[in-house]
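We begin with a single chain expressed as structure tokens, specifically the form predicted on its own.
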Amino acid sequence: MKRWVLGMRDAFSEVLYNIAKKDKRVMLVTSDTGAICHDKFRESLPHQYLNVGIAEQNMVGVAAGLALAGKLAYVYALIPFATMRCYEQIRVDLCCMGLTVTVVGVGAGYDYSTLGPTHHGTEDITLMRALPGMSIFSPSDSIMVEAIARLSYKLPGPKYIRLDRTGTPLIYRGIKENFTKGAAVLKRGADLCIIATGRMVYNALKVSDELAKHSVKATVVDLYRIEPLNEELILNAINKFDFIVTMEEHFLRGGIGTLINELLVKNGKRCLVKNFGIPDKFCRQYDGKREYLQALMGLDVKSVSDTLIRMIKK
């Protein structure tokens, strides 16, 4: 198997297309995104594909109506437009009514790096976490995405899946995981525990390699289902550690760092915690690749590793 595969967006679309061919209830509703990965869906399954135009709020309302009519609706848009632009509709039409609709947002974190804060997906976890009954998935590679696409087809209720559009390193190549537990321990070490989500899982594994050069052994946990949180699994993973780190390409306020901090307080666990995420500001610097923006915010492997080594030495 290649080290890189289809981007998350393409991998998800391929699985959904194959499911839809067998189940006429599956409907894909888009907002004129023009994603090439939907061409086959639109051409081969025209009666299961709806393009509502640049009208994301209407897109969610249409999906709700389809769900009430017995359909399994998926809505697709870039993260800021799939979540923020139609937040009230998601809240009222989907969550208040408990409808089985899957919101697929593409462009997690700084994925659309050069398009600026209007297209950055940096506060979606915070928003969607606030909605009762909303399941949230944040996959870390395309192998997981394929499994979550199949899982979303069977899981009732409103769901939100945040995806990268690009190819990512295959973290789960050769690893047996059914992706139903909500989190997975990818690496074990005795000195500290790093909990990461999405694209930052790959960075976390690289950080653990850097720490090992300084004789620091880190456990790495991939938190791929943010809601509902598998509290028992996470607590078992972090219970023996006095130093816990979280990593996310998302605003610190309300993200997985906040989620883990809440869990620690709730269970009376006292330990040192360091949350790595995007500080409380928008990034208006457009030049450079995604890794460039990560470095600006202190989320690149070197910045995180150097910070942790300084803290450990103290």
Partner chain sequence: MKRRMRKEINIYALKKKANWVRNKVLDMGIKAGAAHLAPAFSCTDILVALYHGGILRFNPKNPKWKSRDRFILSKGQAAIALYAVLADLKFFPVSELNSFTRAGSRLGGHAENTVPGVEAFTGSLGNGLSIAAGLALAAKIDNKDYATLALLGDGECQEGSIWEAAMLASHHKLGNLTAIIDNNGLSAIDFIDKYINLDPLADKWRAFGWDVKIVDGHAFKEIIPALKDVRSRKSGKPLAIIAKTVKGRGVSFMENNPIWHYRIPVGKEIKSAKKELLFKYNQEGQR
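Numbering follows the first chain given and starts at 1. What you see is a predicted model; the values in this text were computed from it and never measured.
Beyond the structure shown, there is the form predicted in complex with its partner chain, which is absent from this document and is the topic of what follows.
In plain terms, the part of the chain that comes close to its partner chain in the predicted complex, with a heavy atom within 4.5 Å, is 89 to 97 out of 221 to 229, 89 to 97, 172 to 180, 198 to 206.
Scanning Lys266, His47, Arg270, Lys289 against its partner chain in the predicted complex with a 4.5 Å heavy atom cut-off leaves one residue, His47. Site annotation in the predicted complex: the residue of Asn275, Thr33, Asn261, Asn58 reaching within 4.5 Å of its partner chain with a heavy atom is Asn58. Looking at Cys283, you'd find every heavy atom of it more than 4.5 angstroms from its partner chain in the predicted complex. In the predicted complex, its partner chain sits within 4.5 Å of a heavy atom belonging to Val52.
Residue contact check for Gly65: one or more of its heavy atoms lie within 4.5 Å of its partner chain in the predicted complex. At the 4.5 Å threshold, heavy atoms of Leu28 stay clear of its partner chain in the predicted complex, well away from it. The single residue of 71 to 85 lying near its partner chain in the predicted complex is Lys71, the criterion being any heavy atom within 4.5 Å.
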